[in-house]
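The form predicted on its own is given below as one chain in structure tokens.
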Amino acid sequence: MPRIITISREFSSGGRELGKRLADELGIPCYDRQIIDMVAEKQGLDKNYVANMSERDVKVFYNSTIGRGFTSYNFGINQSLQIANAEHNLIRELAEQGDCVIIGRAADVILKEYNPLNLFVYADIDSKIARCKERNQEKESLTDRKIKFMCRDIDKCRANYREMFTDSKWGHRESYHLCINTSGKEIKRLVPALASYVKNWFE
């Protein structure tokens, strides 16, 4: 059985950076935006279209179907669902290839049968605002109020998306094996200890 680590994260908590650095430390692949690129190529779609497809859109169309999950019948209804289905299939294919870190897209639920180590990354709002501004580097005018709204809105979409596939709640500690608070922390300094934890977990 491959060692699969999934990363669920609050917006601007540093979860993406943590996942990539952890994968580098462990010497295994990390899949994040690559999933979007691969799905776009397989579906013959523009990468930006796939990237900008909102998880909210998927839920809206999912709720309008017969509610039996992602069947071939349902996916004839809307392209948003087709893309989500393609993402799920690709995530399973990546897990079959061997050890890896997969960020987002409800991978912890999709890969349940692989017994992944499921991590949740979060931070306080002040740390999220600071991280978001640092990452933005003045490319866009972002006020504290706008960042707070983005955090609430994106996290709500992630929670709703997950709830389509499982009763376990997004962000609740009971849904994960380890929750990591990155508030006021430099991500790269957390990785060595986390890598050791991961190795011991799978041993």
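In this text, all values refer to a predicted model and were calculated from it rather than measured experimentally. Residue positions are given as counts along the sequence shown, with the first one as 1.
Beyond the structure shown, there is the form predicted together with another copy of the chain, which is absent from this document and is the topic of what follows.
The shortest heavy atom separation between E10 and another copy of the chain in the model of the complex is within 4.5 Å. Heavy atoms of Y122 reach within 4.5 Å of another copy of the chain in the model of the complex, making it an interface residue. Among heavy atoms of R173, some come within 4.5 Å of another copy of the chain in the model of the complex. By the criterion of a heavy atom within 4.5 Å, H177 is counted among the residues contacting another copy of the chain in the model of the complex.
Note that among 165 to 173, 42 to 50, 26 to 34, 146 to 154, the stretch whose heavy atoms approach another copy of the chain to within 4.5 Å in the model of the complex is 165 to 173. The partner is not shown here, and in the model of the complex the stretch 142 to 167 never reaches within 4.5 angstroms of another copy of the chain through any heavy atom.
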